[in-house]
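Shown here is one chain on its own, the form predicted alone, set out as structure tokens.
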């Protein structure tokens, strides 16, 4: 049974920002943001045609500046946020904004694929997510599974919770949390938890991971020295509410149970350089993607700490009961964690990896030279999980 070959798409500019179009659950669609200092930056809308194994693209202009982070609204396919750099008074400022795609962005795309590249349409600015007091946005997070009306921006040492009104054309800060301590503390990344009624946030600053309660904007847990060097990315297990994955410049990927943060539950040491991105599969949480500046993307099967350690769904109570009665039944033994596949189609640092929001077996990765690669979970593993 042959696995499908990877599909590769090249952007003419360097790029590090990638997101799946979260609100789109039928078409396989990813958004890529470029980083160019000389030319107008672009958002490439990448549609993957699963049956014919081909990519269709549309290009929109993002003239505000080079894009460091993008995120798609969970409720409106046409709305997205970007964090971008622009120069003002010979200083580089990091800004964040909410944008809308033009309503007819995909109308003529498939008839003349080159047309959109020659005279691309421009994104419509809906509102800015920064003010004079809060600059240097590192990332913007949409409320998971929300109605597209709440976002969090991490700017310097502030986490700002914004309410978007009037079809996202107005943004007001409803509450803030501040990182306090010695020196110039600065958030590097964060993740809004889909659990606990979306009332929790995890953030990374330097080597520390912190959890926040968004109702009180207070800290609920702190993992100091979570990594030996800078923490680059975080992701919550979609099915196990207390499990969090992190990755960083110590080349490691760590899995935490936030109820007991003394030690990680599991550590992966498969990469040979900084790990920039870690992503749980949205449906099958044993599948974990990691992307690194060793130019590799690794798919791991972390069954032992998943919601399906025995190959089928179990809840936490079942797990603790299972420890009491040691049965000789081999089928009750947890499956072994393993590296499923190492993908080496990139030749530059892989800064981002994302699962498709429409197809749970498909994912995209992006390296700095502008190469986007679409891959699938190997079929043998897919059928082992499903059957």
Partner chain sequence: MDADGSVSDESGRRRRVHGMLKLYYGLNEEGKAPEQLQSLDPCDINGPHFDPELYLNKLRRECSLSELMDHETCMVKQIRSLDSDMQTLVYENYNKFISATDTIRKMKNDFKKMEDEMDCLSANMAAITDFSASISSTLQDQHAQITKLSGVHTLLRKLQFLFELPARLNKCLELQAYAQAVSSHRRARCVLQQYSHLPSFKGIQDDCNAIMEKLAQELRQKFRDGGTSAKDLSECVELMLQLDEPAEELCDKFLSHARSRLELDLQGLEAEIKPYPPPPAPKEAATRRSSSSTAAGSPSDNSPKTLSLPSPTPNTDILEFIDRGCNEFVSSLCLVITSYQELFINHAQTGELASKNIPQMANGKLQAFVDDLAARYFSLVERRIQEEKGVGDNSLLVRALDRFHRRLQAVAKLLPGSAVPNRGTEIVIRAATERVKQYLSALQSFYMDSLTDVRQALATPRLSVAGAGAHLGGPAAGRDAPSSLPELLSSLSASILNQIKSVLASVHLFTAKDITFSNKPYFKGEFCSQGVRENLVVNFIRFVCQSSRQFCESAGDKGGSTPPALLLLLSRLCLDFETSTISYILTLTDEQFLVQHQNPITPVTALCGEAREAAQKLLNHYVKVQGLIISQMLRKSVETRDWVNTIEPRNVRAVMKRVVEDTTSIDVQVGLLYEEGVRKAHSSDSSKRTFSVYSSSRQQPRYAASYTPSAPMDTNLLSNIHKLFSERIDIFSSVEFNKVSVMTGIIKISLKTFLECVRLRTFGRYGLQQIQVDCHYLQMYLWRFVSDENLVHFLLDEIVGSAAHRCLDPSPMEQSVIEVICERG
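Positions refer to the first chain, counted from 1. If you're wondering where the values come from, they're calculated on a predicted model, not measured in any experiment.
The following text describes the form predicted together with its partner chain, which does not appear among the structures shown.
In the model of the complex, at least one heavy atom of residue 228 sits within 4.5 Å of a heavy atom of its partner chain. Contact between residue 336 and its partner chain in the model of the complex is not found at the 4.5 Å heavy atom cutoff. Although the partner is absent from this view, residue 128 stays clear of its partner chain in the model of the complex, with no non-hydrogen atom inside 4.5 angstroms. In the model of the complex, its partner chain lies within 4.5 Å of some heavy atom of residue 351. Shown without its partner, this chain lists 241, 85, 208, 300 as candidates; in the model of the complex, only 85 has a non-hydrogen atom within 4.5 angstroms of its partner chain. A heavy atom within 4.5 Å of its partner chain in the model of the complex is found for exactly one of 135, 273, 215, 196: 273. Although its partner chain is omitted here, in the model of the complex none of 285, 359 and 382 has a heavy atom within 4.5 Å of it.
With its partner chain omitted here, the record of contacts in the model of the complex names 286-294 of 169-177, 150-158, 75-83, 286-294, defined by a heavy atom within 4.5 Å. Residues from 250-265 that approach its partner chain in the model of the complex with a non-hydrogen atom closer than or equal to 4.5 Å are 250, 251, 252, 254, in the order they occur in the chain.
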